[in-house]
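Coming up is one lone chain in structure tokens, specifically the form predicted alone.
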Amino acid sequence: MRVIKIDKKDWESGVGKLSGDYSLYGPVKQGAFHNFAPLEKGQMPDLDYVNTRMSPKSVVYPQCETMFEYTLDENQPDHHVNKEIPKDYSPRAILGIRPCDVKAIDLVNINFDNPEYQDPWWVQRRAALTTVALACNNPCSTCFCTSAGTGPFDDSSADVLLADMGDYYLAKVMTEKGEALVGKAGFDQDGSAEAGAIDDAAKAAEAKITSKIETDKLGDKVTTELYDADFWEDVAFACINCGTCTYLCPTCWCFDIQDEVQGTDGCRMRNWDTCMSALFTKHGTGHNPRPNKTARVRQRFMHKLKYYVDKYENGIACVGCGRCVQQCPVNIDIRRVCDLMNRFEPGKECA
């Protein structure tokens, strides 16, 4: 790791140099919200944003992608054969991604790239990705990242971490990918003499995060007892199963596979799906193991805060970005649910 200094007057020209080597993505204003989007040549990421409405996971894991195409025309020699759709695995970089969202990509990676299973599209897109994280000097009131395994200046997953120092950035170059990117941008001014300022800024930012969760007892809970806890009806009471929480979430990875056919031409698509949907677990027989909203709400929180904890022993499947807290139309708060789960004791009132 090394620290370099980037004067803001040099930022635009440096980013411009990257456009020939990378497909660039960054936060841009879309209506009332910021979201991550491809940057056109000459377009700068808006690094004055607080947080985006959607996470940038779609850069690696598209919301909708066509996997295969086929023909049902039996006059064709390759009828009824799935043919893979060519995909773009050229180098890409996300500029201005928050540290929590980079950490989320690591968490999702556990599902798509592990010893038992490797999703080839995820693996190749992630290999092509370089992340330039932007540390949070002013976290939102709904952020609780410091108690969810990450933090506003977390550099453990990023290739480069930018810290905004006013007229300039200090950049921690963490990986070979990061070195390659700053080299192509022409950023090479030594910033080691000012590296301590990053630690000071990190402490100041962490001190602003007053929202926290406790997760220390989740791993010791008996799964079946937590599953049968009496607070689930209360938690789910206001839920309308809209799925907003899952689509916004940087660590949700569920998908559905559908075939679309027009005439004799067909394609097979993978689309994000949500465990909040009644159709998500409905079997072909008509049976649904999660037939009501309480069962679906319970599944969401049990997956993030218990099943994942037990399976991977890697903390919770949440990075504390606070998007679901901000955007839930009925104010269901994962921090409250986590608290209920963490202090749950069978036979004792917990709500």
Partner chain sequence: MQNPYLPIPVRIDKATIETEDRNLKTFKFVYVNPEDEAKFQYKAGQFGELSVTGKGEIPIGIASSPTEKGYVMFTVNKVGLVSTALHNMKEGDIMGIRGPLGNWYPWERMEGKNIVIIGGGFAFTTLRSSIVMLLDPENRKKFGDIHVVYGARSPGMLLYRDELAEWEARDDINMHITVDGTDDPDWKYNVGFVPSITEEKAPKGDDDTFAIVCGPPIMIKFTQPVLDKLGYKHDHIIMSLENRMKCGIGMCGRCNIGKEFVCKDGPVFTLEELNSIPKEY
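Residue numbers count along the first chain shown, from 1. Quick caveat, the model's predicted, so the values are computed rather than measured.
There is another form of the same protein, the form predicted together with its partner chain; it is not shown, and what comes next is about it.
The candidate stretches are 197 to 205, 237 to 245, 96 to 104, 256 to 264, and the one lying within 4.5 Å of its partner chain in the predicted complex by heavy atoms is 256 to 264. 121 is the sole member of 168, 187, 153, 121 with a non-hydrogen atom lying within 4.5 angstroms of its partner chain in the predicted complex. Here is the short version: of 114, 192, 137, 76, the single residue with a heavy atom within 4.5 Å of its partner chain in the predicted complex is 114. With a 4.5 Å cutoff on heavy atoms, residue 175 does not count as touching its partner chain in the predicted complex; it lies far away. By the criterion of a heavy atom within 4.5 Å, residue 232 is excluded from the residues contacting its partner chain in the predicted complex. By the criterion of a heavy atom within 4.5 Å, residue 42 is excluded from the residues contacting its partner chain in the predicted complex. Although the partner is absent here, residue 290 is a contact residue: one of its heavy atoms lies within 4.5 angstroms of its partner chain in the predicted complex. Although its partner chain is not shown here, in the predicted complex the stretch 43 to 67 places heavy atoms of just one residue, 67, within 4.5 Å of it.
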